[in-house]
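First, one chain by itself: the form predicted alone, in structure tokens.
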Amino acid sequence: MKDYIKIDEWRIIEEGFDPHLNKVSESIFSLGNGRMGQRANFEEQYSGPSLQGNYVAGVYYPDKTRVGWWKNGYPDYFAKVLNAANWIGIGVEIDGTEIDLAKLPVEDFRRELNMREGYLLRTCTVVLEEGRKLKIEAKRFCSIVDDEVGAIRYAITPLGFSGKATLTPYIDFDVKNQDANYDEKFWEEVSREMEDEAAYVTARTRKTGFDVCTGMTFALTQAGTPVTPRTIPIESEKYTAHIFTVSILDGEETVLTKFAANISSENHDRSLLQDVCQRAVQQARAKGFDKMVEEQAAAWAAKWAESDIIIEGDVAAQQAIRFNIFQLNQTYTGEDPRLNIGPKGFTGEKYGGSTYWDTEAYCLPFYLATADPQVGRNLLLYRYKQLGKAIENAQKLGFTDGAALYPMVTMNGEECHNEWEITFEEVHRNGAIAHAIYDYVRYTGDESYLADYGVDVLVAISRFWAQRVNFSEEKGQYVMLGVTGPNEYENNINNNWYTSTIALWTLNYTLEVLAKIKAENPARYAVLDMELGLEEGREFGTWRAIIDNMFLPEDPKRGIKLQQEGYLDKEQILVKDLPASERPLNQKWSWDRILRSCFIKQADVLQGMFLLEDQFDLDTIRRNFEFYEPRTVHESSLSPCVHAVLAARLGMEEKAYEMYLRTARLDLDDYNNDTEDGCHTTSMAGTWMAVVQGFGGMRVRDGQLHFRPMLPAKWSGFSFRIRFRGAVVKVHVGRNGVQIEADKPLTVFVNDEAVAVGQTPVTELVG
């Protein structure tokens, strides 16, 4: 755990420069706008540890899967989120000395991510020879108003001397990924062009053929007065720049303002990319940096009005929740149904792919409650449109008759994850996708989605589950063999309770949906019957037989569900008895040792009880929580939030608060020693759930909102705002009770008591 980020309600602040923490900070201070993103790399040269990262949404490369022994069914490639052009770069030399923060002494270093207004500000003083100093102030943002544009205000001020500054704003497409096989590069130049105070490079990805034109223009002022420097164009393969030298005076500020754009063939005709890029950067320049900053602040104010959570009396908790919400809003806007939410968002390369099951299990609730309903619908449509590929994925593994296995990792619907124990065995992802359909309909009331789209997905997933189980003559029940649950610290196990339970739930829900459509919309059912080849006798009968006769491992003595068959054969040691020096396990222990231990990356059983809470009484949840939580190391970023929600439901305030901080400050404090690879973007939605579903106790039952609030002892109050079926509901939990306000008449339930809330500004107070 690292503790160097200063506590502030609206800002993430780093004071003092430690090169050993730089890659962590590059992740934490990342910027994005849903269409593009940029790690917090320095504009000037930096030769120290760094992960250069600029990402363009939807652009990827199918890198060859690397495995020791190839097995039938392996995906042909591992999709990499590509590092694209360095658009922020500005070379700086002062009297012939290159400014490199890895080589020159740095004083008064400060980095600030302003979450309220959506920009990154960095200031520092670089010590040159003979005691001369150069003050640097760099402010930048990725515009959420003009979402293909970024802007930088880069200012230098000599302190105690006058001299010459050589500045080189550039575009560099000669980049590579940190995780590239054999340091392979993925971009090939298509064209480049230089103009007065502007430059462009268009490059194409190998294999996939995505074209991106990245361009820039710039302006210079000195002492507030515009200056037109005499520039020299520089060109080389995949690189364009302008270089110029100006006199700088002691105490006088020289400002280079740089406007850049990333224009992708995903969104524009490839033959027009440079024209579009030219217009984008020139329009940004005409608008001006200050105007763009104003627009950025206004756009972020609107986002915060929809999604902010206010925590009173605990600044660390307040900073953490806003950081998580900020990153979620930077990553996904819902405006393009072709896009999804990668596990690192725009903050790093690790894991590749544009979506995991994280989207459905963790992210969907956030967007359902804080954005227009179409945003959540787009997340589901993303999967619906890839149903054909999911069926192909299942066929590659030997499944038939329209069975679908959605990929663990994907860009276009094809599986592109290259670890066998996950690609072949972590099939529970199908259940999360099915549950997301239920969650969306339950929350929005959009029943039409089921008949038009959702049922096709549910049937295909159910057909997979029906083929994935087999009947055990030994047990006289159906079993599911050779799987990996969410707890990836156990592989190739039999009868994982969570996987089997979510499979049974899916089969049952699919049958319910089909029966409902048949009763209420027989014409649509007739079409489905023809298109999907439904067999109510044989097929539905098989599904019901599995539902009624599935083996689910339990320990009746302890009254718990078992992670998997044989879990209690493991030596039972508690996490509290592990030396701190041996954690995180995935960085200190061999994989063999991890697999043989009882330690849990994230608790499968508790995941099931979190998603399917209404199927279990509180005593059952409590027994399982009290057994599994002490054995869980929470080395999955998706783990603590589930524990926080369940602990709150069980009235375990201290544990709920502990787990909230663990998930909310996972990246800010680098709990798992891996933030340098990028932030855990999808788990950030779990932080929102920890507050709203955990401490707020928000649930939807029978089409109505329920709240069961809990106020942590360290908080004097908290409030959040959610959308629900056309209403905007504001909830404040304080020491004197719960205030609920809505902009239309609505009945909600607080601690199972019905409460009528009226139109704004009417507020009801309940104890």
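Under this definition, the rigid core comprises the largest set of C-alpha atoms superposing within 1.5 Å between the forms. As the structure is a computational prediction, the values presented were derived from the model and not from experiment. Throughout, we count residues from 1 along the sequence that is shown.
Beyond what is shown, the protein has a form predicted together with another copy of the chain; the following relates to that form.
This chain is displayed without another copy of the chain, yet in the model of the complex the stretch 486-494 from 138-146, 85-93, 306-314, 486-494 comes within 4.5 Å of it by heavy atoms.
Taking the partner from elsewhere, every residue among 417, 589 and 596 has a non-hydrogen atom within 4.5 angstroms of another copy of the chain in the model of the complex. The contact residue chosen from 549, 470, 271, 615 relative to another copy of the chain in the model of the complex is 470, the criterion being a non-hydrogen atom within 4.5 angstroms. The listed set 78, 119, 657, 362 contains one residue whose heavy atoms approach another copy of the chain in the model of the complex to within 4.5 Å, identified as 78. In the model of the complex, no heavy atom of residue 226 sits within 4.5 Å of another copy of the chain. By the criterion of a heavy atom within 4.5 Å, residue 581 is excluded from the residues contacting another copy of the chain in the model of the complex. By the criterion of a heavy atom within 4.5 Å, residue 110 is excluded from the residues contacting another copy of the chain in the model of the complex. Taking non-hydrogen atoms only, residue 544 never approaches another copy of the chain to within 4.5 angstroms in the model of the complex.
Contacts to another copy of the chain in the model of the complex (heavy atom within 4.5 Å) from stretch 151-189: 182 only. In the core-superposed comparison between the shown form and the other one, residue 204 has its Cα shifted by less than 2 Å. If you fit the rigid core between the shown form and the other one, you'll see the Cα of residue 301 move by less than 2 angstroms.
In the core-superposed comparison between the shown form and the other one, the C-alpha atom of residue 271 has shifted by less than 2 angstroms.
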